[in-house]
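One chain comes next, on its own, written as structure tokens: the form predicted on its own.
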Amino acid sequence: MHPYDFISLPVRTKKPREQGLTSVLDKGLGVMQLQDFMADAAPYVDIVKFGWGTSRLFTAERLRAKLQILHDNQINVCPGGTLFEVAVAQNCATEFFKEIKQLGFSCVEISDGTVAMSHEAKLGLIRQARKHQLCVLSEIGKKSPREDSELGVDERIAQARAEFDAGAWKVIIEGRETGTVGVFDAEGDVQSQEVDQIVRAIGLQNLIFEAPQKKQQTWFFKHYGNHVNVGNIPPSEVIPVETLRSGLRADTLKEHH
């Protein structure tokens, strides 16, 4: 039961959702912090990514406790793409897939943002992760702004199509925690023509746009509506993001009410 139930809100799909996903970047919340966060935010969170290599620093017991809380709230959980890339660099990707499945992760991020690999090798790793019964979030883009700028829109689209064919559930468009690469310029402004081209080719429901900045989130919700999937959202910003989706913030009020 919510207060003010006489105030109507735009329709939101129910969990587990395929559209309107909010993917959260967990930088190292403790178990009690996570429980408190879930008490209010669970209905609005669909994916939690344990950022970078943070999950390597927890004990297995504490990690499993966090995973259980998230699974109990119908939330997919994956370790960060950086940890996957470390496993690739150390030639232990198979052991990595087995371990995260055994720990209780439901999905994995397959990326090549820092570690160089051929696209065919990346596709093979997506297929391998699927054989380990892991849901795959594949990420397109580079961490280095210089390297990322060399990746054209047509190439991003071609990679995304191939990664779906290999078994990816969603494709993440790299934006980093800063929101200054991929489909954003150095100031974090959206390159709208590039985004529209990618959406037309791949489909809005198949993409997760890393959009950590409020102005980016506002642009996506105003441009595509409240069913766009956004990622790299800090825990403290989940409720603010949901108010943007629902027109409970001045930025998007006129679009929904």
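What you see is a predicted model, and the numbers here were worked out from it, not measured in a lab. Residue positions are given as counts along the sequence shown, with the first one as 1.
Keep in mind that the form predicted together with a further copy of the same chain is not shown, yet the notes after this line are about it.
(request) Indicate whether a further copy of the same chain has at least one heavy atom within 4.5 Å of a heavy atom of Gly175 in the predicted bound form. (result) No, no contact at 4.5 Å.
(request) Answer for Ile239 alone: is it within 4.5 Å of a further copy of the same chain in the predicted bound form, judged on heavy atom distances? (result) Residue-level check for Ile239: yes, a contact with a further copy of the same chain.
(message) I'd like to know whether Gly203 contacts a further copy of the same chain in the predicted bound form, with contact meaning heavy atoms within 4.5 angstroms.
(response) Heavy-atom contact with a further copy of the same chain at 4.5 Å: absent for Gly203.
(request) Verify the contact flag for Lys214: yes if a non-hydrogen atom of it lies within 4.5 Å of a non-hydrogen atom of a further copy of the same chain in the predicted bound form, no if not. (result) Answer yes; at least one heavy atom of Lys214 falls within 4.5 Å of a further copy of the same chain in the predicted bound form.
(message) Check for me whether a further copy of the same chain, as it appears in the predicted bound form, comes within 4.5 angstroms of all of Ile126, Gln159 and Trp169 - heavy atoms only.
(response) No, the whole trio is out of contact, none within 4.5 Å by any heavy atom.
(message) Please tell me which of Met117, Cys135, Val86, Val153 lies within 4.5 Å of a further copy of the same chain in the predicted bound form, judged by heavy atoms.
(response) Contact check passes for Val86.
(request) Report the stretch among 205-213, 192-200, 60-68, 220-228 that approaches a further copy of the same chain in the predicted bound form to within 4.5 Å, counting heavy atoms only. (result) Looking at the partner contacts, the answer comes out as 60-68.
(request) Scan 135-171 and write down, in order along the chain, each residue with a heavy atom lying within 4.5 Å of a further copy of the same chain in the predicted bound form. (result) The stretch touches the partner through Lys143, Glu147.
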